[in-house]
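In the form predicted alone, a lone chain appears below as structure tokens.
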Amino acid sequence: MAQAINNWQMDQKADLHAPQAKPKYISTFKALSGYIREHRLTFAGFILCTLIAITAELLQPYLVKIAIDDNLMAGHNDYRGLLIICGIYLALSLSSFLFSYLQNNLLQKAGQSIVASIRKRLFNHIAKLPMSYFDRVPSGSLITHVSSDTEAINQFFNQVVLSLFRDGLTLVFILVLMFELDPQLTLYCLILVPVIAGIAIAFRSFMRNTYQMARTRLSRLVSFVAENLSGMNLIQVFHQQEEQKKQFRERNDAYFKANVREIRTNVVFNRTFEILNNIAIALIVWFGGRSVLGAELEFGVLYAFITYIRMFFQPINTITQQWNTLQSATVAINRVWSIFAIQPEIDDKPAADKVERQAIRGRIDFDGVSFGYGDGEPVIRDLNLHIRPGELVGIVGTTGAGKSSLISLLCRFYDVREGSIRIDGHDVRDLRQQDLHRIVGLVQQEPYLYSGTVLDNVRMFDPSISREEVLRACQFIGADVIIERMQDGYDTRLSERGSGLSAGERQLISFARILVFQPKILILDEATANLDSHTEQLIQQALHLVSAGRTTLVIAHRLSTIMGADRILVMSRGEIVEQGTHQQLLDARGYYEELYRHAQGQQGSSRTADAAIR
């Protein structure tokens, strides 16, 4: 049994990590260059504030050098000059603080605006992607793109850009000041630069591997937890808790070890830089001290040099530490941009037909329609179907017969390979999707409810629909009795997917939603499949009310749902093999009669079982 669950988990992983086309690599700076140009004035202000802040900070040791050499060591008792130097020092400190504050705020403003724009653009782009994309890409992966990947881009601005400009300019300014003070001592210090570069390069590869190992093991741990939560009923039914605890412990320990290794690597790297820093200071004290004792170097210059050397290593350390952040941002950028590169397969034509919903009568024509998913075998073959305005049509068939595919084509979640689908003579490919989805209303087997009030879920957060319209719709189908029993009535806040409601209550709300938007064509996709008989009767009554005056297509799992339909279509392998009324199809003694007898047999078995229990 443990092996069965493990196989199930491996299947889940295979779905999550299914091979896809390798996206073209793009650098972070190139990808963000367009956004940066949009905020060029803000970035210019950031660079200016950075220059002023660095200058103010680095001039402070130079001022102390002047105070030491030109006043204290020279034996001058110029208290007024010392006060002026102290005042300038204080002004520089305040300027450094002020412009550092401004530089961070300007960068945050630009960075957050860019990330917010990317996140908004990404969400809007995902909403336009075809259903075929969602068929092969798990929602968890898309959530990662919208949340974690955009957060990695945010860290790029918070850490990488700030470090590159601030610390990079700090290094340049320090070198300029050091050469200004004493070129010979500066050259001695630069001897360590190749050593620093070698250590940074050596550690960079090791740190990258360590970082990626930790992230990979964390991803496996999170994936394992997510799979266990989604399959908890299976785990509990087969008493696999101990086995799953063991597997979790193994993954948790692996992540712990990788995390410890990452921390140790960072500690060793940072301490190595501290040792180099101390070695450099010791060399400066040795060579500089000898020069001071020999009166070849002023003491204030030596003090300033020691201060600058301490300041020299910190930017190098900080810049090197940003490598992992830059790597993470680069990966995130390529993931996000690979989604942007996906062009929607379903899009409005430039000259799409504009139709008034009120003018639509509801005639539907499928003319020679063929369709298949991707490059696979056709699931619908040369289908011809004509539905009259206001007709109630039931669609039945075994799994894989093409029922849901037929509905998806009418809603234009996919486009036909051959033929055409027309509504009142308008090809659905020539209609704006916004108009099409107002004309065609869909009620699915599991109606989706959002986090929000009952009122907002009925009117789908559309403020143009009044509260009175919502109340009338709910009263018309009988949902008002259920809603008024809730704690706050129509203002009751629902949790995600309406988890506090029964399946029947969610369906009634979805019917009220359809009534509010008043589509001319109504589609019910297995809308009563998971309901008990009593709730099904309520839904049937609601269906009768909602379908009045509308062209209605009902995909039925239970034949009782469509027995009173004007016409019943029986589908098999993408073709309509039978059609007619319930009685006509029974008299024909074909596919439908077989389905009907099978359904009756199941009901009979169920009644026998109920009687045995009683």
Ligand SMILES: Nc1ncnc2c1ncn2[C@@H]1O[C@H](COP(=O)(O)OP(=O)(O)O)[C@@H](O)[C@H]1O
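We number the residues from 1 along the sequence you see. Everything numeric here is computed off the predicted structure, so don't read it as measured data.
The discussion below concerns the form predicted together with the named molecule, not included here.
The named molecule is not shown here, but in the predicted complex it comes within 4.5 Å of a heavy atom of Tyr373. Taking the partner from the other structure, the named molecule in the predicted complex has a heavy atom within 4.5 Å of a heavy atom of Thr399.
By the criterion of a heavy atom within 4.5 Å, Lys403 is counted among the residues contacting the named molecule in the predicted complex. Although the partner is absent from this view, Tyr414 contacts the named molecule in the predicted complex, with a non-hydrogen atom inside 4.5 angstroms.
Contact with the named molecule in the predicted complex, judged as any non-hydrogen atom within 4.5 angstroms, is confined among 239-247, 373-381, 506-514, 85-93 to 373-381.
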